[in-house]
Structure formats: C-alpha cells, structure tokens
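Next comes just one chain, in structure tokens: the form predicted on its own.
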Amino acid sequence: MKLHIIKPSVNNMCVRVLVRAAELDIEEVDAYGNTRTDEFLSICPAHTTPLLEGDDLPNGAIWEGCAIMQYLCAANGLAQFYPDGAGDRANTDSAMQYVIGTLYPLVARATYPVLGFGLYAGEVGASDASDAEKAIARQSAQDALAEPLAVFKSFYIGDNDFIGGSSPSIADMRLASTLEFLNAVDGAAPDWMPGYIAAMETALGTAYTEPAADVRGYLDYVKSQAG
C-alpha cells in the first residue's frame, strides 16, 4: 500500500501517526507539488492528500484522513485505536466528525492566512476584500474556536486523558494533529492543550513526535520569515 502525504499538513499528520503507532507496512510518498499532475489525478481526481492506494479498495484508492484511519483500523483489527463496541465507536466517529465539520474550518480560517495556505472559495480570506476586512474575519474565526475546544474538553475528554479514555484513539490522533496548527497564532491554544499533546507524545512516542516534527518545523519556518 502507498500513502501519499504532504508533510506540513495536519490533515495528513493524523494518518501518519496511526501508521507508525500500528506499525503498518505502508510506503509513504511525499506528494508535495505533485497533486495536480496527470498521474496523481488519475488516482485521485480530488487532487487531495492524504491518499491511500490499496488493491482491495473499490476504486483502488481513498482519500480523507478520517476515512483512511477508519479503514486501516477495520482492515487490521486495530480495536485499540478504533473500538469495536457500537457506543464507543460512535463516540469516536462523532468526535472526528466534530473536528472536521466544526473545529477544523475555524482552525483553517484562523491559521491559514498566517501559514500562507490558500483559503477555500467563498471565504473572506479568498476574496478581494481589503486586508483589514480579512484580518477581522481571521480574528473572528480565532475567537470562535473557544466554544468547540471547550466541547472537546468537557464532553469528549472529560476526566480522562484522551477521547479514547485511558489510551489514544484515532479521534485523538485527528484532534491532536489539528491542535498543532493553533501554535501558529498567539492566543488560540486552550489551557489544556499542552498537557493533552504531552500525553499523546508520552503514549505514542515517536509515532506521534516524528510526524509532528514536520508540522512544527513548518510553523517554525513561517514564524522565522515573519521576523
């Protein structure tokens, strides 16, 4: 199997963490600068990463990080990362969908302008609005992060170390990876984030810190360029 990735992306990071934590035999291919090539588009017309190629997949490949993680866990019996019980699995799925449906769009609006990533069509940051208007929109998104972040802490994590309880699940991999981008802007990270990230690093070791180093290295580079 091949996993096509872009290293500075937190959307890619979560899958890279799972592959390492589960010790899966999957070749990692750096797709930076190649997602619009004819070869890549023939596999993934959505021109997106992460992209997993596999012979047993109906179309030969799938994209979207959460779907890839769910597939890899189901295919390899990784109940330690994606529980078998219907209730626990539903909670894991709910947390991941809350990341990608509610939290991540705000993270993108708050951090992409700083990181130099293009925003999505229809966003203020992608329009011909003035720099002042774009700055207001970015700050509004950052301010709005407080609510979903509080929900993750109070509802999904609660008194546990992780969404998965005493050990990380794929929902934790998706959340923790997303939180890494909050270090791009001052005042965005919640108070509980450093302890949560530290717990992920302790639990998963280099399976977490190695992919995280690529994201953190990019953030450091961006900050250095900003002076």
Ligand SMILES: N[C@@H](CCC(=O)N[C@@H](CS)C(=O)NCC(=O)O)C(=O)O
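Residues carry their position along the shown sequence, with the first being 1. None of these values were measured; they are calculated from a predicted model.
Here the subject shifts to the form predicted together with the ligand, a form of this protein not shown in this document.
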Exercise. In the predicted bound form, which of the listed residues (A135, A144, I100, V114) lies with a heavy atom within 4.5 Å of the ligand?
Worked result: I100
Seminar exercise, completed: With a 4.5 Å heavy atom cut-off to the ligand in the predicted bound form, the contacting stretch among 159 to 167, 52 to 60, 31 to 39, 195 to 203 is 31 to 39
Exercise. Given that the partner is absent here, does I6 sit within 4.5 Å of the ligand in the predicted bound form, heavy atoms only?
Worked result: yes
For this session: Consider N183 of the chain shown here, and say whether it contacts the ligand in the predicted bound form, taking contact as heavy atoms within 4.5 Å.
Result: no
Seminar exercise, completed: Within 150 to 175, the residues having any heavy atom within 4.5 Å of the ligand in the predicted bound form are R174
